[in-house]
Ligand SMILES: Cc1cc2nc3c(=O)[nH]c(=O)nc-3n(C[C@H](O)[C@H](O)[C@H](O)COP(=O)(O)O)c2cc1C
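One chain is shown next in structure tokens, namely the form predicted on its own.
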Amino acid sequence: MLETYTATRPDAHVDVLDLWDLQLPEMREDVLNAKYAIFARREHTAAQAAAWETVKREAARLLDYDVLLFSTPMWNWSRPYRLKHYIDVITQPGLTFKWTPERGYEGLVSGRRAIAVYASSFDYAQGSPLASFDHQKSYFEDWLRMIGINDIQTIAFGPTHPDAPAMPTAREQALTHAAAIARTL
């Protein structure tokens, strides 16, 4: 997908964020207390302010992008823990959402597009015998909508297992779909 996109837009800026290499802040007491201070409309202590700066930096990076491309494998019917950690870090009040008793959650990351590429060893598509085990897509897309991203396109590649008879066809369909989406960005 990135190859198609950059081939048609040689001046495009692409930033690859590898969550396995990224030093994300730990969701420890200082970060959590900083979050709760925001909810309570209290000033941060010096420790909370320093901790919150690390969270703000990651959220700001996400807010810098017009188009977000996520590629994630399914792990145990859901998402990898590093993706969950990233979501936990950047899903913060005043940064990616706000909340009021009258309106509930309101996303602050509006006006962006997201493409989610999902990979799984088996076929979890609607109508398949394994569909009820797929907690990857609904969680991820609910999160995107919660932070304000409603323009979501998906590409599902499954089965990815090399011995699965359907794998070559599934791979080709996913690549074709990805290339088609890339041409529309």
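Quick note: we count residues from 1 along the sequence shown, nothing fancier. Nothing here was measured: the structure is a model prediction, and the numbers come from that model.
The same protein has a further form, the form predicted together with the ligand, not shown here; the description that follows concerns it.
Original post:
Using a 4.5 Å cut on heavy atoms, which of Ala119, Leu69, Ile149, Ala34 is close to the ligand in the predicted complex?
Top reply: Only one listed residue qualifies here, and that residue is Ala119.
Subject >> Contact residue in the predicted complex, from Thr45, Thr160, Thr54, Ser128 (heavy atom within 4.5 Å of the ligand) >> reply: Going through each option in turn, the one that passes is Thr160.
Original post:
Heavy atom to heavy atom, is Asn76 within 4.5 Å of the ligand in the predicted complex?
Top reply: Output for Asn76 is yes: heavy atoms within 4.5 Å of the ligand.
Original post:
Can any non-hydrogen atom of Tyr124 be found within 4.5 angstroms of the ligand in the predicted complex?
Top reply: Contact check for Tyr124: yes, within 4.5 Å of the ligand in the predicted complex.
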